[in-house]
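First comes one chain, alone, set out as structure tokens in the form predicted alone.
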Amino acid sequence: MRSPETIERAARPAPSACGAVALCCRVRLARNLRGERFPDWSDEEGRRRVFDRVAKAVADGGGMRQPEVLKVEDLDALTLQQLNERRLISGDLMDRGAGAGLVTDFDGRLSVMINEEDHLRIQTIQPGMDLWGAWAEADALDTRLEESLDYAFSSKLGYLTACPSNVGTGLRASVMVHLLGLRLTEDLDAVLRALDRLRLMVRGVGGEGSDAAGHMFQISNQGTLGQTENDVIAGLLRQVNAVVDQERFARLRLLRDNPSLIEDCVARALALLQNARMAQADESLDYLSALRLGVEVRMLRHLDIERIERLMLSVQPGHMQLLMGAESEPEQRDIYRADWLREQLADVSFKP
């Protein structure tokens, strides 16, 4: 049997060309205020009181360079949807009313959701697999906020949260990975089952309950009780690194043993996007996912990853409606999306 090193040397592209499997990572810390009811058990007056306390603490002492305070009740549905598509707020927060909101820094990489499931959800997002960097940034913000906010904390259990699975550190760490290679080799289901046996949670790009549009998956820890933050992050990184290696070897095997399959996937996606007259958001993400793989294995001209990422954000319903400049029905968006993608990808060509 040929070793992985031999396979890698035999493949057409350099190893780095099969690489950006891990797209970004996120750390969230769930915190609650001592003496206040959890949001789902509180009344409007209580939620507003919590919002004012937390928003002031974050804006004044959180260390954000350009903090912006947003209240859900002041935002229209389209703005909320765009924030959700940028992963700054959850679907649950979108449905909250008075007393719910967000404080975010200018670039969205550091933010705090207020009165979602817990009083605070501190969130940091970093590119790639820099979970340690994301954790350090979240921990620093958490430490600053604890100087002015009295957290609900038990010396026996740790931080107290609305959901029992978050009790302890309150830490939820996740990595977004692109697994089209494993899908093409038909190994994806086995990998996802193995992650489930390891008590890791796998979700789609939109979080809990979402589909894996664009062949992108969030892999995260499930529980925190009895573990330190370092334990959680080190364990997650260990397993995600294994998944990343499997995806890279899947791509290398395709290029070595079945190049026509990967070439057809990329060429077909490009042809559809350059010629379709209607395109739904999820199918557009799937085709753009194939183009992303095509860029990484050097099968496409005049296209790069940064451009792909802009397109993948823009084709989502909220951002597409913003591009259209007016409210529209889903069918109208599908027509506009197809027209827009044809224009954006007109200069791209396939090179087998």
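Residue indices: 1-based, along the sequence shown. These figures come from a predicted structure and were not determined experimentally.
What comes next is about the form predicted together with a further copy of the same chain, which does not appear here.
Of the heavy atoms in Tyr287, some are within 4.5 Å of a further copy of the same chain in the predicted bound form.
For Ala279, a non-hydrogen atom is located within 4.5 Å of a further copy of the same chain in the predicted bound form, even though that partner is not displayed. Remark: Ser165 does not count among the residues lining a further copy of the same chain in the predicted bound form, judged by a heavy atom distance of 4.5 Å or less.
When contacts are judged by a 4.5 Å heavy atom cut-off, Ile335 counts as touching a further copy of the same chain in the predicted bound form. Heavy atoms of every residue among Ser260, Ala267 and Phe350 are located within 4.5 Å of a further copy of the same chain in the predicted bound form. Comment: 270-278 is the region of 124-132, 144-152, 229-237, 270-278 lying near a further copy of the same chain in the predicted bound form, near meaning a non-hydrogen atom within 4.5 Å.
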